[in-house]
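In structure tokens, the next block holds one chain alone, the form predicted alone.
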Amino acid sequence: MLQHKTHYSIGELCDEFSVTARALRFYEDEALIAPERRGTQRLYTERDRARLAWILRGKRVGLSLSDIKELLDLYDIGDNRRTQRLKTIERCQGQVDKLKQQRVDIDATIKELEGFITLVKSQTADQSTQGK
């Protein structure tokens, strides 16, 4: 783990977070991170590193990049992150609710498929006994 540094290279962040340089440039284009520039070299701050960790966690739990950007931008509004925390809870609860509904839908689809398989198997068994 990289610690106590003021700047990180693109390679260091790619290695630490298992992302590609292209992904980092994409997040930069989307204004999710804002590395400093020294000539053509990108130098990432501890803030960029923390934001990248947040971006990747948000992606893992299914948040959209626009949701992630909104939540990241709330960090700087000056209310000791209160609004950011409340919005994060709201977005994450919405994602939990969506996933629970998907689980219900998946369970119903599995039940339907299993019933259909049973029906087709019974028809196949009936045909094979009729043919004898």
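We call the rigid core the largest set of C-alpha positions that still match within 1.5 Å between the two forms. One rule holds for the numbers: they count along the sequence shown, beginning at 1. Note that the coordinates shown come from a computational prediction; the quantities given were computed from them, not determined experimentally.
One more form of this protein should be noted, the form predicted together with a further copy of the same chain, which is absent from this view; the next part is about it.
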Contact of Ala21 with a further copy of the same chain in the model of the complex (heavy atom, 4.5 Å) | no
Is Glu112 a contact residue for a further copy of the same chain in the model of the complex, using a 4.5 Å heavy atom cut-off?
-> yes
Any of the heavy atoms of Cys92 lying within 4.5 Å of a further copy of the same chain in the model of the complex?
-> yes
Find out whether any non-hydrogen atom of Gln102 is located within 4.5 angstroms of a further copy of the same chain in the model of the complex, and reply yes or no.
-> yes
Here the chain is shown alone; which of Leu65, Leu43, Ala34, Leu74 has a heavy atom within 4.5 Å of a further copy of the same chain in the model of the complex?
-> Leu74
Heavy atom within 4.5 Å of a further copy of the same chain in the model of the complex: which residues of 106-121 qualify?
-> Ile106, Asp107, Ala108, Thr109, Ile110, Glu112, Leu113, Glu114, Phe116, Ile117, Val120, Lys121
Superpose on the rigid core, then tell me if the C-alpha of Thr20 is displaced by 2 angstroms or more between this form and the one not shown.
-> no
Does the C-alpha of Leu86 move 2 Å or more between this form and the one not shown once the rigid core is lined up?
-> yes
For Leu99, decide whether the Cα shift between this form and the one not shown is 2 Å or greater, given a superposition on the rigid core.
-> yes
Pin down for me whether the Gln84-Pro35 Cα distance shrinks or grows in the model of the complex relative to this form (closer or farther, change of 3 Å or more).
-> farther
Cα distance between Leu99 and Leu52, which in the model of the complex differs by 3 Å or more from this form, closer or farther | closer
